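One chain follows as structure tokens, the form predicted on its own.
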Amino acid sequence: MISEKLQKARDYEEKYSAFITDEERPLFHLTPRIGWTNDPNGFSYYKGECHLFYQYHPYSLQWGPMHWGHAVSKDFLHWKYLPAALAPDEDYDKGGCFSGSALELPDGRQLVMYTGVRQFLCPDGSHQVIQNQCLALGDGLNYEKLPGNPVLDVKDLPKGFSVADFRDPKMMPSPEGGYDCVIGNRTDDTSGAVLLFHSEDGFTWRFVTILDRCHNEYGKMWECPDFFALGDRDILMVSPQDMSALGMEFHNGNSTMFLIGHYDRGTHKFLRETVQAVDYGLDFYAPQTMELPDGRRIMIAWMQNWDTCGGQPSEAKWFGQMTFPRELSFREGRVLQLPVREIQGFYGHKVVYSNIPVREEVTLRGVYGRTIDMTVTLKPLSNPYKQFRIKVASGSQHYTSISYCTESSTLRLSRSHSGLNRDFVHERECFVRDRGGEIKLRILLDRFSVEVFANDGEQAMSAVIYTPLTADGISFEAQGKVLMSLEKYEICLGGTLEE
């Protein structure tokens, strides 16, 4: 049964999203149907389509009581909006339906688990927050919350773990049968941890182990955990809050990281070997993955930074967007990420240049645009160049730059001149593997974002930009002399986000 509160949200989004034109949205990145979005939820494959739910406040461009928005796609570029899936309409979730996950049951129904939030006023005037895990069942369009909710609460937590910070369940099929679920928490030392639960049927869950914990080394609360095998490793992915920078890593405060290691299912121990930042750019948080029927592991994230949410264009009718989905792989001890291959099916006009010598700033015929997939490969000549810079979304007043310094082997993404109306931090840097001045940069540019992938996905950097769409120039500049090869495709969908 659809509650009054959910129907109100559905009516609102149906009425007011009609006033947002296709041209006011990105071409191939998902935005909320109307209003505000943050974390991706329930990223899953169900009945032949990719389902993506998302944290959603349809009534304004600010975070508010959390609903779940809903969209589906068959190719990761065309998204069809479906009616809002969840609203905070029960006592156990009246503070919001927070992040969670979805999977298909053997009987064909789709099971959703999410964090329900309650808040109580204490006698001393303070507020007590309670976070519990709740279930809903659906058919891909409508979802019914279970009468036994919540299914996980304070009684299911180990001693010393927080009931106020117990959120973001990610369910997955277990190799041993049944289902596993990882959930973020904060421990009695005030830092993050991930708890592992198991269920035989998806409805009754029991605590298994503390999968990993922070001990105040990597931020505080560990949000939005995910756990999956990749190559010959097990990957625990988390989003730590209030994280201090380590060298060039983790500068966003609310960051993301891969914990790479091995999980022993006999002892239920996760042996962490290495830690890797997921994205080194300005806007990336709360990633979630899914496995396609062909075995590919696909990741999507909220392409925003909590510290820059005030930088909304005055004319905006929506706020928040998702990254373009990325394929994950594992090579030489590192998780690699590249745009999903489906994008190649929507390549339009192609421009190719081979071994063009670049010194001072140059533009090339046919190389421009705001909805493109472009790969640039650099090779040094006998005298090594010092720096190479690419300007994209460039006009008379604005541009965003991607630059590579050979002396320090660093890649920099800067939107200082992109037109954002607040003086936020606008630059990030990361180390790339030194290959004697050679580097390969793949740049995915949409109307309101740029994503950069270095050396076949060894590093990724993402940023939101709100540069006027008339600024579509691209230029190249070297300090020294370098040979540049380039391959650029215009992205042509033949139709954009569908209602």
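In case it trips you up, residue 1 is the first one in the sequence shown, and so on. What you are looking at is a predicted structure, and each value in this text was computed from that prediction instead of being measured.
Unshown form predicted together with beta-D-fructofuranose; subsequent notes refer to it.
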Is beta-D-fructofuranose in the model of the complex close enough to N38, F98 and D168 that every residue in that trio has a heavy atom within 4.5 angstroms of it? yes
Looking at Y59, W63, Y45, F431 here, can you tell me which has any non-hydrogen atom within 4.5 angstroms of beta-D-fructofuranose in the model of the complex? W63
So which of F330, Y347, W306, F207 gets a non-hydrogen atom within 4.5 Å of beta-D-fructofuranose in the model of the complex? W306
Counting only non-hydrogen atoms, the one stretch of 216-224, 261-269, 307-315, 358-366 within 4.5 angstroms of beta-D-fructofuranose in the model of the complex is 216-224
Closest heavy atom of F284 to beta-D-fructofuranose in the model of the complex, within 4.5 Å or not? no
Hey, in the model of the complex, does Q55 get a heavy atom within 4.5 angstroms of beta-D-fructofuranose? yes
